[in-house]
Ligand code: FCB
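The chain below stands alone and is given in structure tokens; this is the form predicted on its own.
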Amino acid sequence: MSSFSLRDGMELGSASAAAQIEGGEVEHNWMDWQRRGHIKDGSSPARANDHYNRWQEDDQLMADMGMRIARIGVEWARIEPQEGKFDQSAVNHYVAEVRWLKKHKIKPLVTLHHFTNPMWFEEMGAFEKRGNVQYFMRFVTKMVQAFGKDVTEYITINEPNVYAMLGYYFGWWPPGKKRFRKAMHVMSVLTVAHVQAYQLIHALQKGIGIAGTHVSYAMNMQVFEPENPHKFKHRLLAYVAERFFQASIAKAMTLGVFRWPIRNLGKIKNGLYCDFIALNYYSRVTMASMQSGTRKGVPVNDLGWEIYPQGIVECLRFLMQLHPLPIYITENGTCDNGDAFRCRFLFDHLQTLCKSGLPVKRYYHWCFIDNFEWLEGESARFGLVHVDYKTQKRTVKRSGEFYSQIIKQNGVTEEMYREYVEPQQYKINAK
């Protein structure tokens, strides 16, 4: 079908992370990683989108496009540049942005940790050490108290599995370590950090009489399949990868139920430690070795990731089996540097969600504006809005126009499909 309506009450917005858009010479682990020469295109988070200074321009553009929800991040390294010393001007900056969003009828969902650590925290071992969780709790307390009634929705930690695996197993991200046991230990510590932050946020909000606060963690999930389903090794590798990368940590963070390789380092009791499902979904991968692959002949984006819309529902069904909760898609998007197939990507994923019968309440597209995309630097464009990094000029893309129309029309009409989706085709993986 070439049209669909959004589910009743479903809202569309966009997501971002502070370090990827703000710019500035901020002393965090990704700035250090760039200085050590690890960013593929040589770009730096010091430039990014200069959003820290241009936030009102960006947020006004978001409002003009009709968005009524926004997932935003706060940068711990700005707020606490030295251990125990908070920069009140940085705290005030984020409070001002949140209040502006609310004034313009955009509800903020605030992410407290999105891959970046202050260098003082990184140098003391970050989340490699169970005892360091106390410093994260101090930061959480500072920001939740500062936001008060202005923020009632939080993500404690973004993609703890990605943070641990890419930084401590594959060694591609900071701190560049390559030890499986270390990666699993970091996941276990992050589970403690999430559960304690979940409990702390609710206690702080309850203490000042604020009811209805909702807290979760953002889980990155992929669909893992054997490259050859007839080969036992491939099936085993797909099962192991799925368990190590996402299944075990999701069960621990959601329910306080631990199974190897995640360990209960905080004496966490069985319970419910999230108020909504927060899924970040991008792709499906195949397993024939310890490195994932992509099938030949499937649609792919400009990073070679398979475009597999049905996977978003497959991942959600797993999370719903843990505990049925309202669903927020906290990230979903694609690297499409020429904006050649993003409209089709949006149509396919949103239609799949709307026809799934699942209680999807929010969809945050990754991302609002092209930004510093971690290891890829400025070379990978995920945004609905194009940025010229040299001039910092913003231009709404064709896909941004389409997304704005979906919001205004509460779905996709036949006319919209013919105008935006029909002319676009995916690239096919030829490898």
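A quick note: this is a predicted structure, and the numbers were derived from the prediction, not measured. Residues carry their position along the shown sequence, with the first being 1.
What follows is about the form predicted together with ligand FCB, which we do not show.
Put simply, of 117, 188, 254, 220 only one has a heavy atom within 4.5 Å of ligand FCB in the predicted complex, and it is 220. For the candidate set 374, 55, 33, 402, a heavy atom within 4.5 Å of ligand FCB in the predicted complex is found for exactly one residue, namely 374. This chain is displayed without ligand FCB, yet in the predicted complex the stretch 275-283 from 127-135, 344-352, 148-156, 275-283 comes within 4.5 Å of it by heavy atoms. Taking the partner from elsewhere, residue 20 is found to have a heavy atom lying within 4.5 Å of ligand FCB in the predicted complex. In the predicted complex, ligand FCB sits within 4.5 Å of a heavy atom of residue 382.
Taking the partner from elsewhere, residue 225 is found to have every heavy atom lying beyond 4.5 Å of ligand FCB in the predicted complex.
Ligand FCB in the predicted complex comes within 4.5 Å of a heavy atom belonging to residue 331.
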